[in-house]
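The chain below stands alone and is given as structure tokens, in the form predicted alone.
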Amino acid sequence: MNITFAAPSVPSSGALVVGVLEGKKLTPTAATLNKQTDGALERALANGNFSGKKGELLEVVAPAKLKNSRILLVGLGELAKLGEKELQDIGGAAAAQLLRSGDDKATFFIDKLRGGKAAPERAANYAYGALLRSYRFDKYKTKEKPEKKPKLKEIKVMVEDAATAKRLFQKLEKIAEGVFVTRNLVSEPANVLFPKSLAAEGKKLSKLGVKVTVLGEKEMKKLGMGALLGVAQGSVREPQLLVMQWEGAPGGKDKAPLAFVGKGVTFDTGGISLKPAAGMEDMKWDMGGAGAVVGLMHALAARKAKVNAVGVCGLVENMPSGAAQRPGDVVKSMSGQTVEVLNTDAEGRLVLCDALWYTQENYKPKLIVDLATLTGAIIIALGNEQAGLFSNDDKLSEQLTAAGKAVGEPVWRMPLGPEYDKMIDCDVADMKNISGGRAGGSITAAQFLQRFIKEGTPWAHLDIAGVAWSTKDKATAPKGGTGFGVRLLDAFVAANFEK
């Protein structure tokens, strides 16, 4: 999608998008168009249920006096209540309607209004929301009918002080690039995206100044990553550990980095503890945590974030075979702790525990946030609306919660505690990888991970199993891979470490 900014003028073609405040109050540009068309917009408002509430849409076929195709009225609600997220949602809603309209270009008018955010800031956020909603993964559609394909390719945003709006949008555009990287990775089928090919996608970040290192099976064996390697041993696909370093902090590379660790199970059959066949195709996105970390590192590097950050992704495929890990096997992790594997479908925590330990040993980070499509239990608890947040640090939890709320990627803090930790104690090893019961499944998974966090290291675990993929369209994301985590963590970094 090509998005540009310019001083206000009315083009002679394409769709026009104008705002309406709550109570059917036309914005200045809408009022001008209404006058030019002999009251056509007022008549449309009078004969429908559109009232100007936030996110409402009313499409009006352009009257004969205009050469444009249509006028899209967009409800703004109360201007004072429009924050960045609300503005982005409105832009996304407008883009979704335009993508269905058949127009190849559209013009958004952002008027100078009394109250609320300044016009350039509103313009940048409208455009950002529209850009996020314009995403489409259709590379494998070879016979799609032309009339079904969205034609919208260009959005021009008309606003006074277009230069400021453009400058504000440029940073947001880089974040959107990172979101799209994640959505692309999550959407790819597992015969295309596997550990080595996902690592190759990570290597592309070197073009942005990211230092990328990939460890293979031999290197991980030398490091003693028995937990991660145990998951991978049933597959013909070699496991990988993808490490991405961005050094943007003033003062150089000596400052401790922020660390982001992702689960990258590129396909999860459950292993010997085989999943049911129905719905197993969805397990191509069991690498959603790793996808989010790659997208985040892209966003930070692309916008030249003034922080040091390291992203580490454990990449494996979990398959059943004669060589696969068995229930009852005992593996030794890089930390030296041993794990009895009672269920081979509780594999993500085995991948993460070695990745977390490697990150702490090699980078001594300021804090660690891991992301993983870890448990079905978190979907039972929170549905598909919020990610589960587990943490050993109140301040970190508050920062992540605030960032999630600001960008529309909400998280809900879940409990940790010694009572839950006892549930993974084991008779034959230091711990078992599941509790053995149905209760508190997402909590005991987090307790498992916490055993691999060194004392004094602030840590948060985001269980994104319910939010990495959506079966319905959202304001700024079509159904499919959502890219959840990229905007949340970028906002977390910007608000707390780039002041």
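Counting begins at 1, following the sequence as shown. Bear in mind that the values here come from a model prediction, so they are computed numbers and not experimental data.
Not on display, but discussed next: the form predicted together with a small molecule.
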- prompt: Which residue among Arg122, Arg349, Arg183, Arg133 has a heavy atom within 4.5 angstroms of the small molecule in the model of the complex?
  reply: Arg349
- prompt: So which of Glu188, Asp354, Asp89, Asp268 reaches within 4.5 angstroms of the small molecule in the model of the complex, heavy atom to heavy atom?
  reply: Asp268
- prompt: Does the small molecule come within 4.5 Å of a heavy atom in each of Asn392, Met423 and Lys454 in the model of the complex?
  reply: no
task: Given that the partner is absent here, state which listed stretch (375-383, 329-337, 106-114, 360-368) has heavy atoms within 4.5 Å of the small molecule in the model of the complex.
output: 375-383
- request: Please run the contact check for Leu449 against the small molecule in the model of the complex: heavy atoms, 4.5 angstroms, yes or no?
  value: no
- prompt: Just to confirm, Glu247 within 4.5 Å of the small molecule in the model of the complex by heavy atoms?
  reply: no
field: 4.5 angstroms heavy atom contact with the small molecule in the model of the complex for Lys263
entry: yes
- prompt: Could you tell me if Ala406 has a non-hydrogen atom within 4.5 Å of the small molecule in the model of the complex?
  reply: no
